[in-house]
Ligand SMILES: NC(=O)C1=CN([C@@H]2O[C@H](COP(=O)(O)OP(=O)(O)OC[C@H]3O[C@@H](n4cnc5c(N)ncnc54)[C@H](OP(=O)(O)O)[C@@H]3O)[C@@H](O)[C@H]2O)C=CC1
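Taking the form predicted alone, here's one chain by itself in structure tokens.
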Amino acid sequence: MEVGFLGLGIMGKAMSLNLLRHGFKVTVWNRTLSKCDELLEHGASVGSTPAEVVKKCKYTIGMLSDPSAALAVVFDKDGVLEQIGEGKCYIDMSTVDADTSSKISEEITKKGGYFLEAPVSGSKKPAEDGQLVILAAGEKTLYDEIIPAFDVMGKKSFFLGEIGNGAKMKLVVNMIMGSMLNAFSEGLVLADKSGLSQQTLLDVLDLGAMANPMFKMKGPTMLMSSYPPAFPLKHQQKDMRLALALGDENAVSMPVAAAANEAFKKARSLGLGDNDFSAVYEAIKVPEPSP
């Protein structure tokens, strides 16, 4: 099976490497073309534009950083739309809002192509291990055809129906994750300021009903102020913003998520945007200025 892959960031690189390791032919493209070099060493071909990749491959996957990047790859000069057509398929695995997905879907379908949105739950390590959770929606026949690739990149795929549902599910999941991490950070700071051992707090949490892989994985590195980006904080804040907009559309009150978003914004203002999203802990450690 030949697959095109657009976008070789932290996630895209790991996902395309998994496809190569499992015998897929992969043609890659990235805005900074030098990022393709490592994939080339593993047997990938390189396309000079998204259009060139789509022309060559029946199936093309996009894994871009945000809605504007996802739209640019499709609509800009030498973009996906220039070569999409009858029998060509585009799968967008970026985390975007439902409106962005709908715009892309509409134009690709108009040109006779097939579209699937398939954002993923999971960060760097699950991407490397092929353990992502894939949240797909759109063209069911395309979903059935691309399952062999999804099975290599993920541990479980869900088909959620119409376009927009994948995007919405991903935003809900990331909104919960961002809110949880803020509560966790506040707890770590409160334990410390109260004269308690933060390590003991981690041990207690790990033995109770709140035990979860995120606290177990992030807690020890947060105590060391070490934040290598598995999921960059600027992307987590973007997802909080998009989730809050979804809340606005549906008149859902989200005070906890709104407060978490403010903490991520504060962390960005402290220059932590390219760090892992767990670096929000640093923003919570910083005392508020006295009035």
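The structure displayed is predicted, hence computed values, not measured ones. The numbering used is simple: start at 1 and walk along the sequence shown.
One more form of this protein exists, namely the form predicted in complex with the ligand; it is left out here, but the text below deals with it.
Trainee: Does any part of A283 reach within 4.5 Å of the ligand in the model of the complex? Heavy atoms only, please.
Mentor: Result no; A283 lies far from the ligand in the model of the complex.
Trainee: Just checking whether V3 would be counted as a contact of the ligand in the model of the complex - the rule being heavy atoms within 4.5 angstroms.
Mentor: V3 lies outside the contact set for the ligand.
Trainee: Is there a non-hydrogen atom of A183 within 4.5 angstroms of a non-hydrogen atom of the ligand in the model of the complex?
Mentor: Close contact is absent here: in the model of the complex, A183 is far from the ligand, nothing within 4.5 Å, heavy atoms only.
Trainee: Would you check, heavy atoms only and a 4.5 Å threshold, whether A267 touches the ligand in the model of the complex?
Mentor: Answer no; every heavy atom of A267 is more than 4.5 Å from the ligand in the model of the complex.
Trainee: Name the residue from V53, A260, M222, M63 that puts a heavy atom within 4.5 Å of the ligand in the model of the complex.
Mentor: Comparing distances to the ligand in the model of the complex, the residue within 4.5 Å is M63.
Trainee: Name the single residue among A69, V46, A245, V256 that comes within 4.5 Å of the ligand in the model of the complex, judging by heavy atoms.
Mentor: So the residue touching the ligand in the model of the complex, by this definition, is A69.
Trainee: Please determine whether each residue of R21, V28 and G154 possesses a non-hydrogen atom within 4.5 angstroms of the ligand in the model of the complex.
Mentor: None of them does, since no heavy atom lies within 4.5 Å of the partner.
Trainee: Please determine, with the chain shown alone, which of 228-236, 37-45, 53-61, 246-254 has non-hydrogen atoms within 4.5 Å of the ligand in the model of the complex.
Mentor: Residues of 228-236 come within 4.5 Å of the partner.
Trainee: So which bits of 103-137 sit within 4.5 Å of the ligand in the model of the complex, heavy atoms only?
Mentor: Sequence-ordered list: V120, G122, S123, K124.
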